[in-house]
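First come two forms of one protein chain, each written alone as structure tokens, so that there is a structure 1 and a structure 2.
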Structure 1
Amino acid sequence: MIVFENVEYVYPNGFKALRGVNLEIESGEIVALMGENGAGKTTLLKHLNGLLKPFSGRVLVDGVDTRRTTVASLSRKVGIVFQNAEEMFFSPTIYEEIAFALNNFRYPEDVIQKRVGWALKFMELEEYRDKSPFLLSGGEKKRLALAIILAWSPEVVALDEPTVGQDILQKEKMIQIIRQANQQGKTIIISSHDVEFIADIKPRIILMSKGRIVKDGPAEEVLTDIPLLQECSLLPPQIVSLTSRLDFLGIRPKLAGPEEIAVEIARRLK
């Protein structure tokens, strides 16, 4: 569905954010972009719906070159939830905020009402429907931003640092939302520093550094490569740090649940 072909991008101040990025993301995948600040994760996300255009190379979404179509057209396919959710708000009420894009896409009024109602319920925001979005808590603003995107049901949902400002319960809810959206056939792309959150999802991981892709593989492979994570200024998940200290039992660093690790330790101690 999404193809990056030797994509380079340079900001007006001369900072080269993407350097020869080649990447393919298939329909229905869950993909996490990880790496240090300035690695190019957010820049890559903004190429998905044409907010940024490649300086060289090209980005294809369903075979369409993003340089040759509009952001509005691409947004029907790709919805991006920004790290700062407030950047997406400008309507007086939460209901109107969610309905805005649906009106722009010319959905019938009865469909708009149904979709907004579903999004409010799904994101547990029904009680706030007539309030200003700017009065919500940080976690609620994140959920509203996601509700705005999910309401028009794009094929691709991209999330930039979705766990910022979220507590543990909200993170668990976010994981459920991501899994449910993926089960509905949506492609999910997540940019995040939160290794514990990503470890719980176990997606395909694109590890970036200085504008390049340095590793592309399953979470079990990438998140257990401790030296590479350190090179990219990321701490390994706690379970990986724990198992890396159990080499005297013959246990290699692995991404697994505590129960599984406990059973393996007990078996080897016998």
Structure 2
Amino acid sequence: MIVFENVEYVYPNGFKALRGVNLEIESGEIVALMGENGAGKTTLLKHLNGLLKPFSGRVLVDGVDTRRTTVASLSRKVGIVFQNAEEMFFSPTIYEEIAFALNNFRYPEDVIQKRVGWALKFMELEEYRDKSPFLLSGGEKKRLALAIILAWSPEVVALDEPTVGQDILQKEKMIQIIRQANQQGKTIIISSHDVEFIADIKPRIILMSKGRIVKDGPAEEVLTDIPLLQECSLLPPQIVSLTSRLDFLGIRPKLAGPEEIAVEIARRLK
């Protein structure tokens, strides 16, 4: 379980990016952090593995205060896929990039080979195994970042804007990966502006604005609250926008798939 108790964070230049965050995430949950550019989502995520430590208040990961332990030991439990994937790269080849953390965790060589091979295949990066991470396309870099984390299989997987640069086929796959990892008992924390992506996953949503949590609730409720979304610079999913204007057909705003809505519209048009 992850607990934030009244967490404040101030960057060295004096900017207060978190202003009293209280939060509990049970293990096995899928949670989405949403909110405007600069709301504090990335800052919050970086507290999960101790990359940033609270200025005041505390963060507990399975009961351990992040200030009383190291990033290295927290990282076994919590893996973060960075917003800017390039920040994670330093190895000459993609293979070595994925193997690096596994080496650090002292897995035997055959296990490392197997895991790296699996991650490369899973993220469709096999053909690039000997290429430099920096020479991948934008979307491929993001997939490599995810492959690195998946290979070491931490209990908590935090994804910072995972769909940036991804095409629809990759996004659909990412949803499968998230579901699958979650079924294995992993906790998934996603920071994302991609409302359509989050609408497909339908997780618990934590809305942030200006360093504070302004709402915490199920996707069906949060993503249909248009005024609230607007306050956080979010637009509702397209289906919600559509259904919120179909009063004249007797349709209520709701979060649903295109097929379901098509059937409902057809029924009302008759």
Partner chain sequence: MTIIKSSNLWFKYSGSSEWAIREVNIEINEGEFVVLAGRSGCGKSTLMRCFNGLIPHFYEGEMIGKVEVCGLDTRENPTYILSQYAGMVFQNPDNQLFALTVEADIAFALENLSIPKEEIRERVDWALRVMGIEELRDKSSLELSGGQKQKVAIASILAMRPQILLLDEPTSSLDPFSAKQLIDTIISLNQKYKITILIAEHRLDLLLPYASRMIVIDDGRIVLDGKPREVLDKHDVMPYGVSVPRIVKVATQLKKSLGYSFNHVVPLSVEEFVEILRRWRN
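Please read all numbers here as calculations on a predicted model, not as lab measurements. C-alpha atoms forming the largest set that superposes within 1.5 Å between two forms make up the rigid core. Structure 1 provides the reference sequence; residues are numbered from 1 along it.
Structure 2 derives from the form predicted together with the partner chain, whereas structure 1 comes from the other one. Superposition of the core reveals a Cα shift of 2 Å or more for Leu249 between the two structures. Once you line up the core between the two structures, the Cα of Glu264 ends up 2 Å or more from where it was.
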